[in-house]
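Next comes just one chain, in structure tokens: the form predicted alone.
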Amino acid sequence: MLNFAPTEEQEEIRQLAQSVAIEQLRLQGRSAEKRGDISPELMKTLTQTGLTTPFPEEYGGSGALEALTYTLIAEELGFGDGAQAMNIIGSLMGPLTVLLAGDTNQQHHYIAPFCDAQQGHLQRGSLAFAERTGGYSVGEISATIRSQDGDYILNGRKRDVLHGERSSPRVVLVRIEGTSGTEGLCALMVPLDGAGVRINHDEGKLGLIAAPSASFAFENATVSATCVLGKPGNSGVIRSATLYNILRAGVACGMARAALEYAKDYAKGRIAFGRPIVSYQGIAFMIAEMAMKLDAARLLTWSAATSWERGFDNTALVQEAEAAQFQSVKIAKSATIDAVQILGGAGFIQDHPVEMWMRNAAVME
């Protein structure tokens, strides 16, 4: 049986992420939502801790990426504030995809700026995954490329691309025309100032307001063959897609845990009819079910992260990662809704963060 107990080093990193999440992300949740982005000062702090530079030391990073370790980090960041956590994860997935799928020249060019001691915290990347007709599933990717005169012709649409409007690298997941499933999956860097490319900033979002996003539309857009990361169809693209799902699952688990602990503490202190409301079965059972479902989703997520590190078969890895992401987002939505219900009328006012957490979880799908 697999042992998911963190190592001593992983526990130290998790505690560091937790302290930053509680002391920084949690306190800046409302201000980040009003600003519509994470603060540069907070990003600088995160960069200095090494939490946002999971790249090889040869590029100036804090060390090679370990999926399980970074899943623990993602959960703690989500525990602090889900929107800012997704802001961070969404930005990192651009250079991480270059790391996993690109060649050496592409890696040197796009990863080093994120590790720069002076300007690294200002860099933003993006990964366009989900589409208008689907979720975060590899099988639902329908944007296509076809070869023509040494270049590629790109068609399709992407939604909810975090930092999609202003990012470098801007990575888009597509497939070679005529392929399906995991076959022919590609990642390419797309300049958004070319013919046939339209970008729309997402306005009036319900949640994840502190994680700016955009939608892409490609209509016979010409993309140079040099923009493809590695060879078309390489397994690094699948590993990037599954990693994104695993990290999204980690953030969602953190959001659910935050809602659970906040609601539990509130229920212990709220007195009704002479006793804390946590002593009533209706509330106690709700909290117990939140905890049970969270543990199940976390187990799925850790299992997927372990499979990612061990290099499991791509098909099995895709299924594990997508199951973890689906279940974790599902529990994040239900846990935050339950937290609002436990708080009653107080759950709908901004004196408490649960209404913001509920909105953030709703937009994770």
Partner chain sequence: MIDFTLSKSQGAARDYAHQVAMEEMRPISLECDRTEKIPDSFFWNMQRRFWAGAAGQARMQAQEEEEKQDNVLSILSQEEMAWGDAALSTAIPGPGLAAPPILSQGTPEQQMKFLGPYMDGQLHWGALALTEPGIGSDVAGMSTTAVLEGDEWVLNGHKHYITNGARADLVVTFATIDKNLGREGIRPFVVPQGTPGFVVGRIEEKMGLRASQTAELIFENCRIPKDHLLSGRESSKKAGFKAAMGTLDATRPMVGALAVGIARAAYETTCQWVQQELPKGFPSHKRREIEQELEETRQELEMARLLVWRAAWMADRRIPNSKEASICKAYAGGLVMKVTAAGVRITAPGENSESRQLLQKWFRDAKVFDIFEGTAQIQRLVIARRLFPEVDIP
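Every value quoted in this text rests on a predicted model; they were computed, and no experiment measured them. Positions refer to the first chain, counted from 1.
From this point on, the text means the form predicted in complex with the partner chain, which you will not see here.
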Contact test in the predicted complex: K264 vs the partner chain, heavy atoms, 4.5 Å
yes
Does the 4.5 Å heavy atom contact test between W308 and the partner chain in the predicted complex come out positive?
no
With the partner left out here, check for me: in the predicted complex, does some heavy atom of V329 sit within 4.5 Å of the partner chain?
no
If you check in the predicted complex, is N314 within 4.5 Å of the partner chain, heavy atoms only?
no
Find the only residue in T104, N220, T226, Q281 having a heavy atom within 4.5 Å of the partner chain in the predicted complex.
Q281
Heavy atom within 4.5 Å of the partner chain in the predicted complex: which of M292, A195, L206, A117?
M292
Tell me, please, which stretch of 22 to 30, 49 to 57, 317 to 325, 332 to 340 lies within 4.5 angstroms of the partner chain in the predicted complex when heavy atoms are compared?
317 to 325
